[in-house]
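This document opens with one chain alone, in structure tokens, the form predicted on its own.
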């Protein structure tokens, strides 16, 4: 998160740095919809220092999803979230992946999330010399 930008500006940051992306009313509406889906729609005008760590994490997730990527890479996306937010974010990741026909690759230590994924690779197997 860039401290000098509001949460809304942080979400829309990919549009500022990628000339191929058009920052228009659709992008703004998408950012707001994602923020609402994450439960932080009322915090879009706040700066990072006025947000909790979990709120900042949800802003980063919105930023990752706002451009509707074809590949979503998630590294402990739900790690610092309360149980309700964790469930909400996990559902959002799957919804957005399906809507964009995207692949979702997640790294997590949270074994409760594993049943939601089509394929799971446990890297502990590699340490033990057992191929996946």
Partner chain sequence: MNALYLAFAYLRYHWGRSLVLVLVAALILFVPAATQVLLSTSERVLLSRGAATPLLLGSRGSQLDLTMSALYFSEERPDPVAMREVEDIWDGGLAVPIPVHTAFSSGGFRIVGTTLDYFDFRRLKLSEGRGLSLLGDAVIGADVAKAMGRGVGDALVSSPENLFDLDGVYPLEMPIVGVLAPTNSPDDQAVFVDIKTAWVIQGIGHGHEDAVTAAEVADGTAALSSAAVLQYQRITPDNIQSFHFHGNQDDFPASAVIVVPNDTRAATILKGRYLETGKPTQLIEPGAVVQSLVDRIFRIKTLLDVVTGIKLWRPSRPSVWWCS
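These numbers come from a predicted model, not from an experiment. Residue numbers count along the first chain shown, from 1.
What comes next is about the form predicted in complex with the partner chain, which does not appear here.
Novice: Please identify, from 77-85, 92-100, 27-35, 42-50, the stretch that has a heavy atom within 4.5 Å of the partner chain in the predicted complex.
Specialist: Result for this chain: 42-50.
Novice: Even though the partner isn't displayed, in the predicted complex is residue 121 close enough to the partner chain, meaning a heavy atom within 4.5 Å?
Specialist: No, residue 121 stays farther than 4.5 Å from the partner chain in the predicted complex.
Novice: Verify the contact flag for residue 111: yes if a non-hydrogen atom of it lies within 4.5 Å of a non-hydrogen atom of the partner chain in the predicted complex, no if not.
Specialist: No, residue 111 sits far enough from the partner chain in the predicted complex that none of its heavy atoms falls within 4.5 Å.
Novice: Quick one: is residue 22 in contact with the partner chain in the predicted complex, heavy atoms, 4.5 Å cut-off?
Specialist: Flag for residue 22 set to no.
Novice: If you check in the predicted complex, is residue 4 within 4.5 Å of the partner chain, heavy atoms only?
Specialist: Residue 4: contacts the partner chain in the predicted complex.
Novice: For the stretch 4-42, which residues lie within 4.5 Å of the partner chain in the predicted complex by non-hydrogen atom distance?
Specialist: Read in sequence order, the residues that approach the partner chain (within 4.5 Å, in the predicted complex) are 4, 5, 9, 13, 16, 17.
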